[in-house]
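Just one chain is shown here, as C-alpha cells, and it is the form predicted alone.
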C-alpha cells in the first residue's frame, strides 16, 4: 500500500487537564474532526469513512449526523484495549483508501477523563476477565502497576538505571516548552525535580507517568489524486504494521519473551514493508503512558539493543530538533497532552509538512509508535514524496 493514501489534514481541540473541558467528549471529537477537515480544505460532506480505537461512545453513525456527512462507506476499529491501537487505526484508514473502499477517511480519538473516568485509577468491576483473573487478585489494578513490573524486570536484566527513565521524561518536557498547545509549556522540568517527585509505583516517579486529560485529535486520509488540488502538502503513508511475535499477548506476565513491549513483530514488519531501517528515520514519536516501556519499545523497534538503550537516550540525545533521534517533538503524552496517543500522529504528520514547533530539518521519514506494554502493538511510518 506504499504511498497509495496520503494525509491531507490534521486538527485538534484545545487540550485540557481532566475535568476542565467546557465541551463534552463528543463535542471535542466534532471540533477536532472539523478542524482537520478545514485544514485539508475539504467539505465535511466529502468525508465517507471513520476509524478510531476504543471509540464506543463517539460512533460513526452519530458523528455522520452531527457533522453533515452525506454517505458513510467505511467504519472500523482495531483490536486492543488501549493506546497500542492508535497507529493500527491509521493502518485501517490507509487500507480503506488504498483499496478503494472509501475516498476521504477521518481517523481520530476523543477522550474526556473528567466526564467518563480516569484511566490512571483502579475501577470497581462485577467480574474479572482475561489476564485480570491472574493479576487483579494480587493488587495489579492499573496500567501503572503492569508497566512498572515490566520496566523493573527490563532494568534488572539489562543493568539500566533510573537516569534512563529520567532522560525520556526530560526530553518530553524540554520539547513541550516550544509548543504553545502543550499543557506543560511554561512548566520546565529539571533532573533534580524529577528525582525529588513522589513515587507512584516503583520505578515510576510522578514525572514518569502521563497526565490525565480531556481533548481530541484527528487526521484526514485520502487518495493522492484527490490531494492534488487541496490546501496543504500531502503526507504519504509509507508503511504500517500491527501484530504480535510468537508467544506474545497472553498477559499476566506469561509471555515467552517477558518483559516485552510487544513490538518485535511490529518492528520487523514495518521495516520489511517500507524498505528502510531505524537509522533512516529522521524523527520519531513514541507513545509514553510511562517512561519505562518506551525504552523497551525503542529496543524492540531496532533503535538500540537492550544493553545499549541507556547510552542511546542519555546526555540529551532525544531533546530538540538536532537530537541524535529527535523524539516526541511536541512534548508527547507527558508534555503536550494525553489524548490516548493520537496527538503523536498529528505531530508525526506536521514534521513531514515542516509545521512542527520543534521542527527537524529536511524530514524524509517520520515514525509514530503506539502504546508499548499492551498488545497487539502498532506503528505507522510517514514519508515525504
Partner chain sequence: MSRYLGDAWALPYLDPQIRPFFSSGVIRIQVCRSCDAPQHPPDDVCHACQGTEFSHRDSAGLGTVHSFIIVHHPVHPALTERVPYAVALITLDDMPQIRVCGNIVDAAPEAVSIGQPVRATFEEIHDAETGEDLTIPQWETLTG
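Worth saying up front: this structure is predicted, and the values here are computed from it rather than measured. Positions refer to the first chain, counted from 1.
In what follows, reference is made to the form predicted together with its partner chain, a form of this protein that is not presented.
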Identify which of 190, 161, 133, 315 has a heavy atom within 4.5 Å of its partner chain in the model of the complex; exactly one of them does. 133
Only hit among 233, 181, 152, 273 for heavy atom within 4.5 Å of its partner chain in the model of the complex is 152
Please run the contact check for residue 228 against its partner chain in the model of the complex: heavy atoms, 4.5 angstroms, yes or no? no
My question is simply whether residue 280 lines the interface with its partner chain in the model of the complex - judged by any non-hydrogen atom within 4.5 Å. no
Would residue 156 sit within 4.5 Å of its partner chain in the model of the complex, counting heavy atoms only? yes
Close approach of residue 284 to its partner chain in the model of the complex, 4.5 Å, heavy atom: no
I need the one stretch from 171-179, 135-143, 287-295, 106-114 whose residues put non-hydrogen atoms within 4.5 angstroms of its partner chain in the model of the complex. 135-143
Applying a 4.5 angstroms cut-off on non-hydrogen atoms, the residues of 184-204 near its partner chain in the model of the complex are 198, 199, 200, 201, 202
